[in-house]
Structures are given as structure tokens and as C-alpha cells.
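Single chain ahead, written as C-alpha cells, the form predicted alone.
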């Protein structure tokens, strides 16, 4: 990979919450253009903290952050990062705050300097792209959990990011909506890191799956999904193993 293709470069990142063991412990990470990385790990392994460090929502106690080949240290640096990297929060209620869906989705483009008409056009087009046409005037807090998750994704995509950080995007989604989300992510020309406990979902839309444990990404333990056929008294069937 060329240096110009390096998007996110974290070196020896450490972070702890007050009174707790390290959430991130000398963590290293490189994300290149075109990478689609799946990240698995038990609760408390530091996955969400990692995303918040990248976005400047948490400050590491040690280590260096370079994004798009620029040192990223101060709040003004992270403001530029947030214009290019979109974060989908694990809890959609942390992302949605406007009265209606279209207002929420238009908020980001407005903050990026788009006119009211431009922002509304972007919002409607993004909702259409996600199969949410007709949701424009829906009351945000009355949406189902799965609908909130998709609208949250719309708020991120409306800002036309170059990179996505997706924290448990399938949480609360039924199988049909998961399939629709899989199609959307597969057709996006974006690099992303996706946190999920669903290895089948990750296997279909990422080009590498790593585990995270004790505040580190274990790059030497890439997970592979493979298929076996077994003979059983009730016939044969296929299933997947970790």
C-alpha cells in the first residue's frame, strides 16, 4: 500500500476510564483506502473506545494519531476529521435529536455549509438510497429500533464521508433489514471499520476480520469463515464455524 492511501494510522494508543483498567493498551491500527475491516471482541475489549479516540471524542493518554497523513491532536484537527469520517453510534438515540427524520438527515449537510435547499435535497436522496422514501416527516422518537438505526446511517451518509466507522450497525435489525443494509454497504465506494458480533454478516461485507482483546487488535488472529458438510442421522447440512 502507498503512503498516500493510508487513511488512519494509530500508534501505541493508550486510554483508561477513571478507576478502570486500560481500555486501549498500546494499540496500533492502519486503515488504507479500500480496506473494509470487521472487528469482533467481547464487551469491554475497547472497540467503541477505539472509534471515539479516532473521532476525538476521547483523548488518549499516550500514543499518536495520524489521519489522512496529518498529525491529529487538537480539537481543530478533529473537526476536519469529522468532515471526512462518519461515525455510526451503537445507540441510535445518541445520534438522533431533531423532531423529524428529514431535519436530522439534513443537519450534517447544513453544518458543512450547504444551503437549506441543498441540504434537503441531499437528505431526501440519502433516504431514497436507503429505501426510506416517505420517512421524511416521521417523528424521530416514534421510530422502531431498526428504523432509528437506518435513519442514523442516513445522517452519516448525508455528509458524504470518505470513511465509515460502524458500531454494531445490525443491532435491533430484523433479517430483512440486515439484508438491505448488507446490500447498501456492499455498494458503497467507501472504506470502513465495522464492529459486530455477527461473523456471518462481517464475512459478506469485509475483506478482513480481526479480534480485539484487552485493548489491542490481534492482527495475527484474523478470523476466517469456512464451510463444512457433515453427515448426520437426519441428513446433511452446511454450517459455519469460527
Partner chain sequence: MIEELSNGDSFIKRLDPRIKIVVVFLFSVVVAVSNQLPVLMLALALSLLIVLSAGVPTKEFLRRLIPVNMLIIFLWLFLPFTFAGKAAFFIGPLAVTHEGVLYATRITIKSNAMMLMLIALVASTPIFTMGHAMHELGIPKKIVHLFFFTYRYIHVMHREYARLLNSMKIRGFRPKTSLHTYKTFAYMVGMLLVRSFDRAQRVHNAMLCRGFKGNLYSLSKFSIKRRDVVSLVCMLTAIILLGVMEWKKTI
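Note that the coordinates shown come from a computational prediction; the quantities given were computed from them, not determined experimentally. Residue numbers count along the first chain shown, from 1.
Keep in mind the form predicted together with its partner chain is missing from the figure; the text below concerns it.
Checked against its partner chain in the predicted bound form, the residues 164, 122, 96, 130 give one hit for a heavy atom within 4.5 Å, which is 96. Every member of the trio 55, 91 and 142 reaches its partner chain in the predicted bound form with some non-hydrogen atom inside 4.5 Å. Residue contact check for residue 108: one or more of its heavy atoms lie within 4.5 Å of its partner chain in the predicted bound form. Heavy atoms of residue 150 never reach within 4.5 Å of its partner chain in the predicted bound form, leaving it off the interface.
Put simply, residue 126 is far from its partner chain in the predicted bound form: not one heavy atom of it is within 4.5 Å. For the partner-free chain shown, nothing in 160 to 190 comes within 4.5 angstroms of its partner chain in the predicted bound form, judged by any non-hydrogen atom.
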